[in-house]
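This document opens with one chain alone, in structure tokens, the form predicted on its own.
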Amino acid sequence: MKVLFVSNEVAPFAKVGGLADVAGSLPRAIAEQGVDIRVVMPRHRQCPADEECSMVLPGLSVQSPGRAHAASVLETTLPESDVPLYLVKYDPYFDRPDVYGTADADYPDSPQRYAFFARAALTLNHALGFGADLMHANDWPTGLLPAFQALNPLGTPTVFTIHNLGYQGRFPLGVAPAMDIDPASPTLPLVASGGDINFMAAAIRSATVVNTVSERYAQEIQTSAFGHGLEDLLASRGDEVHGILNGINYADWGPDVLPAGLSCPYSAQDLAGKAACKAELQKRLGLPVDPTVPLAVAVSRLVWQKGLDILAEALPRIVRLPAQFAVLGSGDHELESLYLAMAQANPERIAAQISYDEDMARLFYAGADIFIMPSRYEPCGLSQIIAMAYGAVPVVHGTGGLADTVTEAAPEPTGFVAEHLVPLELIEATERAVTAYRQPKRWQALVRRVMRQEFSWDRSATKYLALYERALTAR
């Protein structure tokens, strides 16, 4: 089987969110199943320099009904693999400071950029002579690829993965001509939704098979509470909407993968090093180095979806349990300012680092006793899975992938769950965690159980292979 895997982000080359981690890891696991899989992404400014890659197509003419763009294609491989990665180089659209735009808005020409990218991926497939049996598109920037294929009588079957339905690629209907879509063409009904161009809706309507990144989220998005206006469209796809839980690469995350210069490895069998990591984190954050007080952390984008405003409401009571709390992340300026102010007002209990650095994130995971993740909705979530690998016990809102990966149910609990995202339930769930922390034997057994949970990409890759076979059969 030959698969072309298309994504706007691929770690470590260009990363904004969890999509990049998936696109950097899942194709490697699928390749190990014997699939000839190749990855396509735009050549963003953050990607390797031209001289670090091979030029495989110095001239790639990307045709649309209204014009032709002269692009080129560079090639490298995904790290620690032989999986080819093709970078579509078209500087007018992709040589920019940010992948999507500013924190407040996407680039105004985003519809044109991603209509071009979909056409470029299809053109590249033929120009390389690859002849994919199936194309796997990911999230709204690739949403027009399934639409273009659906209109082609000889089109390749497509799988479309929804990583976050909250981001849909919605634009005014009037941009269609700039995207080289004739308002009178059959393309427009496929890509229009609710009076707008909607990349996500186009893919859901057109793809051979649709999936998302956890089983619970696949069900949730077919309801008005989580469907972001597309619940009826999703429900109309019936049994062609699937859920496959994401995984993590344990070679990149775990207690033997710590920041440079930090020597406190540990394991589920020997937890001694975790106490040293906690002391180091407390020291770096300016918190009192106290092993008797549980340290709770959040590593997150500071945005509405992640529920950090609800956590901020609960935090004054959480730290009086007593507990310490530290947050690592950036995003909404109001949330950044709020957490900085709370840390300044209570430096003995609260710390805030408004930035993101993977080495510091690893120290947060390794040094934490408790990991708080109160997302309003969470398609899958990788942070809680990473936290468990480091033995940080999760406290989560029971939604989406959080509900699929964390349970408070006996006899094998793996964390603490707030069924409703309100401050009181979050406080109570954290209090249950703190109560368990005060019982050393119970806590160590819980930490060891958490660390033994397994969410590898191998398991997910096997399920994706079955989904690919389903798409080929359906087509």
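Treat the numbers as computed from the prediction; the structure is a model and nothing was measured. Numbers for residues come from their place in the sequence shown, where the first is 1.
There is another form of the same protein, the form predicted in complex with alpha-D-glucopyranose (GLC); it is not shown, and what comes next is about it.
Undergrad: Would Gly381 count as a contact of alpha-D-glucopyranose (GLC) in the predicted bound form, using a 4.5 angstroms cut-off between non-hydrogen atoms?
TA: Although alpha-D-glucopyranose (GLC) is absent here, Gly381 would touch it in the predicted bound form, with heavy atoms inside 4.5 Å.
Undergrad: Using a 4.5 Å heavy atom cut-off, state whether Val213 contacts alpha-D-glucopyranose (GLC) in the predicted bound form.
TA: Heavy-atom contact with alpha-D-glucopyranose (GLC) at 4.5 Å: present for Val213.
Undergrad: Please check if Lys274 has a heavy atom lying within 4.5 Å of any heavy atom of alpha-D-glucopyranose (GLC) in the predicted bound form.
TA: No.
Undergrad: Arg119 versus alpha-D-glucopyranose (GLC), in the predicted bound form: is there a non-hydrogen atom within 4.5 Å?
TA: No, Arg119 sits far enough from alpha-D-glucopyranose (GLC) in the predicted bound form that none of its heavy atoms falls within 4.5 Å.
Undergrad: Just one of Arg96, Arg170, Arg376, Arg301 has a heavy atom within 4.5 angstroms of alpha-D-glucopyranose (GLC) in the predicted bound form, so which one?
TA: Result of the distance check: Arg301.
Undergrad: Pick from His163, Lys89, Arg349, Arg205: which residue has any heavy atom within 4.5 angstroms of alpha-D-glucopyranose (GLC) in the predicted bound form?
TA: If I apply the 4.5 Å criterion carefully, the residue I get is His163.
Undergrad: Going through 4-22 from first to last, which residues have a non-hydrogen atom within 4.5 Å of alpha-D-glucopyranose (GLC) in the predicted bound form?
TA: Heavy-atom contacts to alpha-D-glucopyranose (GLC) in the predicted bound form: Gly18, Leu19, Val22.
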